[in-house]
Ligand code: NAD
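In the block that follows, a single chain appears as structure tokens, in the form predicted alone.
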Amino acid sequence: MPDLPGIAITGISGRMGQMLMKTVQDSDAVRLVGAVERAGHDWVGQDVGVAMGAAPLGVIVTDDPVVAFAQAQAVIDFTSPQATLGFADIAAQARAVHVIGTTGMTDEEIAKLEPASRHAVIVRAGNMSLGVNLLTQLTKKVAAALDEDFDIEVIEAHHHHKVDAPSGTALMLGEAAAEGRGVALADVRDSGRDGITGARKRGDIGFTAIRGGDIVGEHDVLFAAAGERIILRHVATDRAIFARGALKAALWGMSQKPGHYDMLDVLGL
């Protein structure tokens, strides 16, 4: 319906792009107004419904985000760090909420989002699911309650197409554990062990990344001490949970002042 808020989706042909489009189409709260793909992609110039092998939807896939964002109240973006930075500037110019589910962003890249957040709402999270964000809070509380006699390991598993490691969710959990202990993750992070590495350093937060098959997402936070272990776990079996979370973030952001938010803000956690 024309009076519903408009959503533009970037990376529309990807796994998350298609899941996001389906979620928007199934929603009675928003409508799809823009679909973006990279220049030269086969879908550019096609109706997005036809490109997906279904009925026309009246939205043409474009490689020009300015055009796609012009009618949008929110942009949902699960692409690449470099693409996301470009989209942030354009979304801010359009005063559209920018929901960022892109992973693999460095601290320097995240800092480059700040100018855009002074003009528009940015909601960025390594994971958009309710369960993972609850796990983040639990991780912080458990880390605060246990001393360094408990080693912390974040173990994550994803499908073999995933290009970044550790996952954005794993890093989010590591940040929560570090915050619980009152330290900076950069100072205690231990990842990519290989060869003769020596004994584990007391107080470090370790990361292990598993890649295989079609695993949607599994995250364990292991607290291991002599004689006992505590394991906090989240298993995702359907990407729809991330799409629903992203849509919730988009709707929430439409009533907020410009700024840089995360899913904990959206969920009131």
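In this text, all values refer to a predicted model and were calculated from it rather than measured experimentally. In this text, residue numbers run from 1 along the sequence as written.
Form predicted together with the named molecule: not shown, discussed below.
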* Is there a non-hydrogen atom of R38 within 4.5 angstroms of a non-hydrogen atom of the named molecule in the predicted bound form? -> yes
* Asked: Is G174 close to the named molecule in the predicted bound form, meaning a heavy atom pair under 4.5 Å apart or at it?
  -> no
* Is R189 one of the residues lying within 4.5 Å of the named molecule in the predicted bound form, judged by heavy atom distances? -> no
* Quick one: is A88 in contact with the named molecule in the predicted bound form, heavy atoms, 4.5 Å cut-off? -> no
* **Output flag, R31, A74 and W252 jointly within 4.5 Å of the named molecule in the predicted bound form, heavy atom basis** => no
* Structure fact -> Answer key, the named molecule contact in the predicted bound form at 4.5 Å (heavy atoms) among L135, A178, A125, I122: the residue is A125
* One stretch from 147-155, 98-106, 112-120, 190-198 that, in the predicted bound form, holds residues within 4.5 Å of the named molecule by heavy atom -> 98-106
* **Within 217-250, the residues that have a heavy atom no more than 4.5 Å from the named molecule in the predicted bound form** => F242
